[in-house]
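What follows is one chain in structure tokens, specifically the form predicted on its own.
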Amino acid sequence: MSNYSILLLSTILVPLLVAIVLLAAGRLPKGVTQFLATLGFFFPALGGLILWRGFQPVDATGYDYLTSLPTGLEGLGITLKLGLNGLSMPLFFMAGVVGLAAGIYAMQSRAERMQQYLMLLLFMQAGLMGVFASVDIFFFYFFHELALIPTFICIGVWGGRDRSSAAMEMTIYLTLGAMLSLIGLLAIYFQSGAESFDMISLKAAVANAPITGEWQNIIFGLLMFGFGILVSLFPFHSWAPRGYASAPTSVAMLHAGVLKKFGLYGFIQVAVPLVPAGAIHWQGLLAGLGLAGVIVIGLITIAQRDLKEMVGLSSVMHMGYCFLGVACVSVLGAAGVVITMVAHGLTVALLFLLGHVVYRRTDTYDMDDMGGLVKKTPALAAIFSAAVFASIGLPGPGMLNFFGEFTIFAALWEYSRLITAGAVLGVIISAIYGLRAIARIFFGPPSEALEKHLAENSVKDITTAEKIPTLILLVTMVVIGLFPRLMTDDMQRSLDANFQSIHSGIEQLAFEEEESEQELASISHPHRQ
């Protein structure tokens, strides 16, 4: 096992072991708890950066740092196989960065039972790193569940208003989505004839003998609704804005910023390459639901007055672009999805964080009770505006969201110009609710409620402690936005390899179906021989 492979494994083990220590130990001093938690959150981010700098795919699979660990389940085809390719590497790094920012901000919160709260966040962090490091689809699913369970607990215990009902709704929806996804992943394994659950073996098996067209349609349908529910595909999205509105800020950052990418990553890395004919069969419906998510949810977002719910709904809306990119079933569309996932993960986490910073100054999330904060908090106003501009997808230096959405629009143009025109409306919708939020919070006359609050309380600009997690996200977003080739070159190689096997599989499947039809015709009409 190389040093890099050990480092990859450690990015999962370190937060997991720290979480176990916090769970097993009695009540620790606050300083010890914070030191251990800082180590648990910092190590994955640093490890992700080192692994990205050293990333060099060594063969046609496009993976680097491949390593396998025994599990005792090898007879069932289950091995803990880890590695990164051009698709997982930027998402893996993004998970580390968002986790570090969320962890640092969590330590500034006033949460009761801080040790237990940080312990659950560290379990989430370990699961998030494992999702994108897993080559075996069994552990890909396992690590998602490891990260998902603490989400429910954190919302139920540390959440805000309506936390019990929000946690219950999330549990029902996401459990349903997870079960459908699991059935689809198991169906791929059994129908592929592969001897292992790892993606490399599955792709090789499917390339040699594609899954039948009927089964591809069934499997992709299961994954489309399973992954779709987990990503808040319209109309199965209602859990997301309610859940994020009730969730503690750090939990919302981790879930909306990272964990929700599980389903989209599953589409690009697993579903489309392994059952491409099924993807083509369902692409019309997926594109229609994605477009509905952009327009319908976008219009609902415009009507929001609660800042946190607005950010949650905007997150759901922007996932609609990603579904449109998946529906293109093309290299360009998939590339746009990955870029948008990275950009969205950083910006939505930043917006949830800044939204809570605003709440600390105003003691409300109701934007009607705000106004004029720019006089008291000019630095916060500038950073918040930059985050909103990035989320809208405005072109400019460091605006990674623009690259992602523009790439999706370019791919979508080749698929359907009408759908493209509808999707572009989403940019206008985003500008309306984003600019309106900036105006209501920071500019314009302050409300009577805010004036009274300001008279009774001293309001400071964003503090140094709050700037640390903010700048971690903002600087990462700007650097990748200025130098997108940091991820696009390696991503292109992985996508080319995936779609080469996709085209080969579709052609082989079409050839076999044509042979079967000819054979059936010869049996039905023997006199034609």
Partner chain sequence: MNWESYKSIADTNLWSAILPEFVLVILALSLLLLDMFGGSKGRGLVGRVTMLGLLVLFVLSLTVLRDNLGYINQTTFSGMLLHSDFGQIMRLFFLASSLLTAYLGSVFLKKQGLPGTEFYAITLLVTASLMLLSQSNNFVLLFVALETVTIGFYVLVSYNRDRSNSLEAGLKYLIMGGFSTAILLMGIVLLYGIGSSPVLEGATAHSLNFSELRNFLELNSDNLIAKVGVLLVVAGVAFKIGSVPFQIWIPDVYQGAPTPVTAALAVSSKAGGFAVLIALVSGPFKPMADLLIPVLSVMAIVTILFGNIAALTQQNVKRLIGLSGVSHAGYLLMGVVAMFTVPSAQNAIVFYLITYLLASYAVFGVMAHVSKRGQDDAQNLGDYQDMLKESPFLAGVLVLGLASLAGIPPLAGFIGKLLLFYVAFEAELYTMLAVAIVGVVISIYYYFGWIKEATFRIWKLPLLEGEEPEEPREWPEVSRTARLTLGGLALLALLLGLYQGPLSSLIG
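Nothing here was measured: the structure is a model prediction, and the numbers come from that model. Positions refer to the first chain, counted from 1.
Missing here is the form predicted together with the partner chain; even so, the following discussion is about that form.
- Using a 4.5 angstroms limit between non-hydrogen atoms, residue 70 touches the partner chain in the predicted bound form.
- Residue contact check for residue 194: none of its heavy atoms lie within 4.5 Å of the partner chain in the predicted bound form.
- None of the heavy atoms of residue 452 is located within 4.5 Å of the partner chain in the predicted bound form.
- Among heavy atoms of residue 145, some come within 4.5 Å of the partner chain in the predicted bound form.
- Proximity to the partner chain in the predicted bound form, defined as a heavy atom within 4.5 Å, singles out one entry of 207, 78, 270, 357, which is 78.
- For the options 225, 365, 141, 265, the one in contact with the partner chain in the predicted bound form, meaning a heavy atom within 4.5 Å, is 141.
- Look at 272-280, 96-104, 128-136, 163-171: in the predicted bound form, residues with non-hydrogen atoms within 4.5 angstroms of the partner chain sit in 163-171.
- Shown without its partner, the chain has 148, 149, 152, 153, 156, 157, 158, 159 in segment 148-162 as residues with a non-hydrogen atom within 4.5 angstroms of the partner chain in the predicted bound form.
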